[in-house]
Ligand code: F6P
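Before any questions on binding or motion, here is one chain by itself as structure tokens, the form predicted alone.
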């Protein structure tokens, strides 16, 4: 293998640049020519490739986002357009592709390297990058730690105001259909309740969860009656409707009209910012394993950070260079991801059980 390319796709995640940097430096160090694909799969179709060297990536480890850019590309769902992408790579003499991204991005890599539709040999390895942590098998994806720290910092500041005025704040965080960010940040920020898709509650049950936390706070003997509720964006009830229904029910329960509920949607602020040390380290080590995997002849795999021990041995190979990283069969990973997002995996069932047990503790 003489030439490889690196592509970032999907939602940006802090730490993507660390992975691009590590893959470039290691590739060049191994005697490879390294190219970066600009604007994701759309840039691949448009032949927007640039050669990368140490000077191009030297300082990007500190930067959020992705230096290569990202873009939506619905065309990539068509086999004919994937053929176009393979021709672009073949014309450039590129034999290995590293894709850094989430569920959809790695699904694209699996299709691009499918032997059934691929006349031109191409090896590919994926690196999980998603602040939502909605990929199975890997304990953490790139960007998750930074996103959690951003949420907790925001919630700490909101809690100061909530405490000063005895207010209830409902804070909505990103995560799509995965509640990991909400659940983890709720524990870290001492929230009184957490609402996440995996809890599988009706709108009425969601409302009552918040109302119970507010009523309990109002019954405290100490002055501070602040309530912090973390809501994952994947919980279907819109946050403004949730606020209105909670206010109505609290008035019914307490007979008071002066209990204030406020809402804050953190939105894309959760995506941005300089990556944490952990995300820089994870991004670098996953990229190291990805380049090593390509040079060892592996393909259609994903680098995973400390995958669960329950993964069948036929689907996983330990990275030679890193005891914390494994190469996992990409098709198996995406199948497990689908089960996780549908709520049918054992991991999601465990998550539901744990939070059912601590739900009452949070609001004490």
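If you're wondering where the values come from, they're calculated on a predicted model, not measured in any experiment. Residue numbers count along the first chain shown, from 1.
Just so you know, the form predicted in complex with 6-O-phosphono-beta-D-fructofuranose exists too; it's not on screen, but the next bit is about it.
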item	value
Close approach of residue 271 to 6-O-phosphono-beta-D-fructofuranose in the model of the complex, 4.5 Å, heavy atom	yes
Exercise: residue 175 in contact with 6-O-phosphono-beta-D-fructofuranose in the model of the complex, heavy atom 4.5 Å	yes
Contact test in the model of the complex: residue 249 vs 6-O-phosphono-beta-D-fructofuranose, heavy atoms, 4.5 Å	no
Contact label in the model of the complex: residue 233 to 6-O-phosphono-beta-D-fructofuranose, heavy atom within 4.5 Å	yes
Which of 126-134, 162-170, 202-210, 286-294 lines the interface with 6-O-phosphono-beta-D-fructofuranose in the model of the complex (heavy atom within 4.5 Å)	126-134
Residue among 72, 87, 139, 245 with a heavy atom within 4.5 Å of 6-O-phosphono-beta-D-fructofuranose in the model of the complex	72
Residues in 5-24 close to 6-O-phosphono-beta-D-fructofuranose in the model of the complex, defined by a heavy atom within 4.5 Å, in order	11
